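Shown next as structure tokens: one chain only, the form predicted alone.
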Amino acid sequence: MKDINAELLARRDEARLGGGQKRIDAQHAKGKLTARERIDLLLDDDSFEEFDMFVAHRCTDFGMEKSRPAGDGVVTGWGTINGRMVYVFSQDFTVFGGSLSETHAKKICKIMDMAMQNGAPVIGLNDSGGARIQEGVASLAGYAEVFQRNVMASGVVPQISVIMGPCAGGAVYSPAMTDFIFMVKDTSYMFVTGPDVVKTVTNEVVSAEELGGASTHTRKSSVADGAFENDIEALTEVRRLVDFLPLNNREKPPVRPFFDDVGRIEESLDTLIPDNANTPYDMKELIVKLADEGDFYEIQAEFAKNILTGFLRLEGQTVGVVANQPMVLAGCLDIDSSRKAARFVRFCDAFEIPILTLVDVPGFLPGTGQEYGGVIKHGAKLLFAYGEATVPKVTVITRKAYGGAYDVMASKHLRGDFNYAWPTAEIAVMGAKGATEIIHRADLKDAEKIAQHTADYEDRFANPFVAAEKGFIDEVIQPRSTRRRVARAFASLRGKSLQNPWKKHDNIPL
């Protein structure tokens, strides 16, 4: 018995070394942690339960049978984050460059199946050179099996991908189908075709970082939701995100103790809106002042900065926030912001997370670039997302709500539950100047008359009361009391039950 125990411990020690100490040292030299070190940081102390530690590949081609390291390049299992269960896989770059084989894929599929069965999030720590070429089509089949599970798990359990090294070729499509993607600056990259292929086909010379680095995917492509300085920061932020999310689509988001006064009055909000309607202000200031303890977890902070998305808590309960940002493009909606917000709204709706919408939108961004790029179809995505959402929806209009953008931003007409407006709100088809020039085009040559018409239009429509008279606004509230009113609104909606008509699935304008 002692001999068997000794052998077990020896085999475990060997498996934990992965590709060996030399390769572990090389991983550290690049500023990267090993697969097991990452899991230790991500999960609570001593909570990790590993599966399939001794699984080895079955390939016998190209001399592969001579090297069959235990674990086959991926560490899988489950553990807890602040006491709540999650499933995790962490690819080990020290074993065959983390390349995916048939057995490697089966290990990942096993924990994804268990996650769906038991209702817990899946977190993937990606650090892989791609498909294991020696296994040929068996490796490709393994990727497809993982992809299928990504599809089946979508909207069932939260899926989070962390890119902590290379992720190239077909491998990128698994993270692409997950709910959140985070990257590590300077050490991670994602692309379908690498710099060498790009140079061969198009004659473009581009580095891996420029083609698919963290900066590219957080600022330009919107593939990634956030980028962090190193492995430790990335894993710490993933832990923080998981604290906001429910374990699955059958559970409510977690409730945590809070130490903030629900009725807190913020007098500074009374002067947040500048006197000049064209002067920008920072909408993030409002978000932070509404949140419990000022804690706001922003998603896609570097992309489409004219709209803000992220999570906060009210009375300890998770709430998703979508807010126009007047500091960028005056808060106009455009292609990128519509896509960003629509995806976020759909995630919140899938996992029963209430949605708070803060509105200051002068309309959709005009221009041939937007029209040629399909702003009609992309803008419709956000409209569709809000319209189909059945979770509690509370909207606060702080200043402008013009034209079709007013409708899109969680208006009462899209089944908004509570629609509030500040006294500074202006709800109209368009701005006073533009409207006057259309209505009174006969007086365009008379500057005094146009000025008077503009003033008359502003007096009539540059306020929230016309909409309130028609019931499109439930209440005009004082800015200072916004936190109390919004918190009470969400509290009253905790028992909300709303079902859409039966359908196999909808046909959102993708």
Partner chain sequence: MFDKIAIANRGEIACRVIKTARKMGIKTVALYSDADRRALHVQMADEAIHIGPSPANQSYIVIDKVMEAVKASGAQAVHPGYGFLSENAKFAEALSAAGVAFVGPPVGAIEAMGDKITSKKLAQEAGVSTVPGYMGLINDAEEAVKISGEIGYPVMIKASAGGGGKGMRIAWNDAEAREGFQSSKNEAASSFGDDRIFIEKFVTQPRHIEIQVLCDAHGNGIYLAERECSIQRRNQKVIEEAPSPFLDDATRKAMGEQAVALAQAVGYTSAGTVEFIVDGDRNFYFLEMNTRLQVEHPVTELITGIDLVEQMIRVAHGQPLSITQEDVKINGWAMECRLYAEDPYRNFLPSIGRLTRYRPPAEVVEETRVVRNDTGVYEGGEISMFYDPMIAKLCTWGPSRPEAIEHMRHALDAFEVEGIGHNLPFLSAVMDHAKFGAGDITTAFIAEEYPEGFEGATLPEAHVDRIAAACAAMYRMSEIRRTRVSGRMDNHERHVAADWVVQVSGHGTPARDIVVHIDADKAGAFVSVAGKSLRVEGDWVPGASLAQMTLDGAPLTLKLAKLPGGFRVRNRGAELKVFVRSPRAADLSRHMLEKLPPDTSKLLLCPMPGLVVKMAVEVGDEVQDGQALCTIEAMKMENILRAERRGKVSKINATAGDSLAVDEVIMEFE
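This one's a predicted model, so the numbers in the text were calculated from it and none came from an experiment. Residue numbers count along the first chain shown, from 1.
Just so you know, the form predicted in complex with the partner chain exists too; it's not on screen, but the next bit is about it.
K.L.:
Establish, in the predicted complex, whether I232, D243 and T271 all lie within 4.5 Å of the partner chain, using non-hydrogen atoms for the distance.
P.N.:
Per the other structure, all of I232, D243 and T271 touch the partner chain.
K.L.:
Pick from 329-337, 252-260, 345-353, 138-146: which stretch has a heavy atom within 4.5 Å of the partner chain in the predicted complex?
P.N.:
That would be stretch 252-260.
K.L.:
Indicate whether the partner chain has at least one heavy atom within 4.5 Å of a heavy atom of R460 in the predicted complex.
P.N.:
Although the partner chain is absent here, R460 would stay clear of it in the predicted complex, with no heavy atoms inside 4.5 Å.
K.L.:
Using heavy atoms and a 4.5 Å limit, would one call L247 a contact residue for the partner chain in the predicted complex?
P.N.:
Yes, L247 lies within 4.5 Å of the partner chain in the predicted complex.
K.L.:
Could you tell me if H28 has a non-hydrogen atom within 4.5 Å of the partner chain in the predicted complex?
P.N.:
Taking the distances in the predicted complex, the answer for H28 is yes, it comes within 4.5 Å of the partner chain.
K.L.:
Could you tell me if E371 has a non-hydrogen atom within 4.5 Å of the partner chain in the predicted complex?
P.N.:
Close contact is absent here: in the predicted complex, E371 is far from the partner chain, nothing within 4.5 Å, heavy atoms only.
K.L.:
Of D456, D443, D44, E50, which one comes within 4.5 Å of the partner chain in the predicted complex, counting heavy atoms only?
P.N.:
Looking at D456, D443, D44, E50 one by one, just D44 meets the 4.5 Å heavy-atom criterion.
K.L.:
Just one of E266, D113, E437, E298 has a heavy atom within 4.5 angstroms of the partner chain in the predicted complex, so which one?
P.N.:
After the contact test, the surviving option is E266.
K.L.:
In sequence order, which positions of 411-442 have a non-hydrogen atom within 4.5 Å of the partner chain in the predicted complex?
P.N.:
If the 4.5 Å heavy-atom criterion is applied to the partner chain in the predicted complex, 411-442 yields nothing.
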